[in-house]
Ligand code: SPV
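There is one chain below, alone, in structure tokens, taken in the form predicted alone.
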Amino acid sequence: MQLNKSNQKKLDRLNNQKVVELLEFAVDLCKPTNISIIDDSKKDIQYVRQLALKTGEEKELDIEGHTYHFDGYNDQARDKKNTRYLVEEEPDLGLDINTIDRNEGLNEVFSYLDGSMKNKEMLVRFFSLGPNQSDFSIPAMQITDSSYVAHSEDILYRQGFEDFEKLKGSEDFFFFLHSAGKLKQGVSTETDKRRIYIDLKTNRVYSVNNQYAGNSLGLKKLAFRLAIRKAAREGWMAEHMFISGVKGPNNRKTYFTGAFPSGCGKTSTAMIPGHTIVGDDIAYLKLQGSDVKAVNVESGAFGIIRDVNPEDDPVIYKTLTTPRELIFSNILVKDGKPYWLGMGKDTPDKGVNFSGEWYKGKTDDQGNEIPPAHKNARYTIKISDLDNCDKYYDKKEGVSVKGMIFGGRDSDTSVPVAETLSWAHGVFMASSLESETTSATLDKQGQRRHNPMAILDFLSVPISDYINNYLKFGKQAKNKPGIFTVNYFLKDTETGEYLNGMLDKKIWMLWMEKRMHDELKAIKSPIGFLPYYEDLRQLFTRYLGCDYTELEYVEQFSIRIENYLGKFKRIENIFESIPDLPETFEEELNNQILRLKEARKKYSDSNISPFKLKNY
């Protein structure tokens, strides 16, 4: 391995033999033309950004600091099929998890990585998952030949070269090796050989023949899988959650985390006007003294840009249309300006997008019309660039979490907001999370997909261990966060129209905030604590300036007994084949079903008004 004097000096500063071994391994395998070790200096960070422009992986837009990148036509989303765990024996994770024999998988991915960096530059990066030098954080070493990937990570994560210097030779860090593979006009071409393999034995990830960030940025959802396993073993929590500061009376701020499957309102909840954001995607939670503290693993956001417009998302829209360092991906570009679906302005009839030169009516090889921008087009920005960025977003000690929210897409059952009866009941309800598929998925519209804690796609330990870790965590926490369920997608059974307005979620959040400070009483029901009508009416009047009728309240918060029983029967069928489930979980399942049946008998009704439940 040949390094110039400057790079060798940087490597020597780390004084870490494991880093040297991994670098030598990567160089021997990938055979780069040259190697650049990037430290935390502004000079090195700027070098990566300029390299992305030089190689053509990114191009500049008219607004200062804005660039755009195109992933390949067949490289627009996470590749679930080819994202696999490398295992030495088939684990019983309790759910359908994609695995491959470790030796077979290593041989395959190494064959694709072999020589993948010929005539290319290897970038050696060091980051911190979580705030620098924090008890929460995990050091991460990433090697890639994609300057776009490296530049994206500079926006999304905290530089960690100095953190590695302070490791004093420790091997306790994650390692990621990525190659975009063969490129044509700056885009990966051999996507049929795309592989993303996660080695749970060594805490390493190998990714090749892709650029889309969900597949290539090791520190994002790939590192998340490793962290979930680490957390379960060490007794903390790595979660698919936003962290938001909800403003209550007298400028009080109360921090909530929230987990939602894709398309269920996670980003819109994290970005409610008037509240602050610590993070929008992944959180680490640990017990610190009597409190549960949380940090944002990332320092940036890789967000879906579709439907971001000045009316519905004013904070994000302003950020995307003013000067700053920002990367767009898979949008339409015309005369140096970006366009995306649902942005609130007319789209040009021609321009450049992920398919090359684009014009209205253009079709792909199968005759399908190519949209001007991809529905999964993205933006990459720093959290600190958002006007609603919380002042403690980078706090080493984390923020104190008072409430945890779990939301799914449910058209006919779940109430808009409810507080669970206890921590154990909350864990059960979160484990029972379902999300209906939409027209944007490959499944038939309206089918329900079980997605416990919105973490199914990333689970790397048996589901029973994951649930048990939740239960133990709650037992150890003196100041337990309240657990809430939300549902923004309840519909009128006759008209099919949504019963919730788009702004209603702000009211549900404010109600939760007041509940965490014991300022509002609640109605006990079979599925949790519900708001009183008068409390919601006052909140709607004060914060949204609109009336909230008794009819709306009854339609939204009535307990649909048969639908709930159907839901929990589905959950029972899923979990009955899972071994080693905690007894507490099974007790909560049985008690939940029993409460619903008893309520049906007591009220002689399968659709119980919340007004009747005052005497429950």
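Predicted model only: the values in this text are computed from it and were never measured. Heads up: residue numbers just count along the shown sequence, starting at 1.
Just so it is clear, the following notes concern the form predicted in complex with this ligand, a form of the same protein that is not shown.
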This ligand in the predicted complex: contacting segment from 97-105, 80-88, 180-188, 219-227, heavy atom within 4.5 Å: 219-227
Position in contact with this ligand when the complex is considered in the predicted complex, options 354, 212, 175, 466, heavy atoms within 4.5 Å: 212
Of 268, 262, 132, 400, the one that lies within 4.5 Å of this ligand in the predicted complex (heavy atoms): 262
Contact of residue 378 with this ligand in the predicted complex (heavy atom, 4.5 Å): yes
Contact test in the predicted complex: residue 240 vs this ligand, heavy atoms, 4.5 Å: yes
Distance check, residue 313 to this ligand in the predicted complex, heavy atom within 4.5 Å: no
Touches this ligand in the predicted complex: residue 154 (any heavy atom, 4.5 Å): no
Residues in 299-317 with any heavy atom within 4.5 Å of this ligand in the predicted complex: 302
